[in-house]
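Shown below, as structure tokens, is a lone chain in the form predicted on its own; questions about how it binds or moves come after it.
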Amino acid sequence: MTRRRGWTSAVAGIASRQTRVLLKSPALLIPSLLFPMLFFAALAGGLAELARVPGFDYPAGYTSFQFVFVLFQASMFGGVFTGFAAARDFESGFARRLLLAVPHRSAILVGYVVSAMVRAAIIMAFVTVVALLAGLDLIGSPLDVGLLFALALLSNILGSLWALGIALRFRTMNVAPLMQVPFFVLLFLAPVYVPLDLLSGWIREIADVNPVTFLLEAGRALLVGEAGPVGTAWLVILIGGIILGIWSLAALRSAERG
């Protein structure tokens, strides 16, 4: 019981510290909010004419179609930004003191992940309010929409674990592009601009096996209350979380040895 209480206290302490740093630092919070807004304006506004393409039949319209992408993008990159925070903690020396002070090593990892989910929840709420003002149409039932937000929030764990695996191995902000680029590639090789059925050629072949595709397709289906690969999307979260969890735990051991 004492061990469990110590683990929980460590998780809460790390998560609350990271959240306080975020909320007290406009230089950290504002880019996290503006980044998805730029995507939303560029995609939902600048490319709205794509809704006229023959075969585009998404019931809620192009704004809602792109909202789902921006929601997942914002959540995942909220996790990536937490990798930046971990790298900064190593550069400042705080993370090394943390390794000495916290005997439950997994608590360090979980604390960062929890703080990433708090960051993602803040960003997702902001994105949703802006999207509602821009004409977001929520056709699905409250349960469907709730599942969409749960799925998007949990996708944050994938971004967090990937970026933490990089941050803990290299322990420097110099590798920040390595945290971001793989997720950019995965996101933009999915059906971003038009539905999957309208893609063709090599981009369609890649999109068919891209795990992000299942997340976006499930999210868009839930938003309008239609059938979609929701079960597969949950498997992507589960299997991806296990694989990236192992990856980040191995990186934590590397940081401890370093």
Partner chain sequence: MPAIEVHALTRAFKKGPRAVDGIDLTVDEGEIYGFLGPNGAGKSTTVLMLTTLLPPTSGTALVAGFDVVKDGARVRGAIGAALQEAALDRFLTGWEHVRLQGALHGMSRSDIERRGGELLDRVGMREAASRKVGGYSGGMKRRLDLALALLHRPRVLFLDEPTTGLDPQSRAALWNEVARLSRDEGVTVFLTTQYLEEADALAGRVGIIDHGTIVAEGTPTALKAEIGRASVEIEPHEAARLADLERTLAQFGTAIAAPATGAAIRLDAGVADVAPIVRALDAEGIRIHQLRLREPTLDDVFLEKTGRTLQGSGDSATEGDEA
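Note that this is a predicted model, so its numbers are computed, not measured. Numbering follows the first chain given and starts at 1.
We do not show the form predicted in complex with its partner chain, though everything after this point is about it.
When its partner chain is considered in the model of the complex, V236 lies well away from it, no heavy atom lying within 4.5 Å. Shown alone here, P142 lies farther than 4.5 Å from its partner chain in the model of the complex, counting heavy atoms only. Of the heavy atoms in L99, some are within 4.5 Å of its partner chain in the model of the complex. Put simply, R169 is far from its partner chain in the model of the complex: not one heavy atom of it is within 4.5 Å. Contact with its partner chain in the model of the complex, judged as any non-hydrogen atom within 4.5 angstroms, is confined among 89-97, 145-153, 121-129, 161-169 to 89-97. Heavy atoms closer than or equal to 4.5 Å to its partner chain in the model of the complex belong, across 10-24, to the residues A10, G13, I14, R17, R20, V21, K24, ordered by sequence position.
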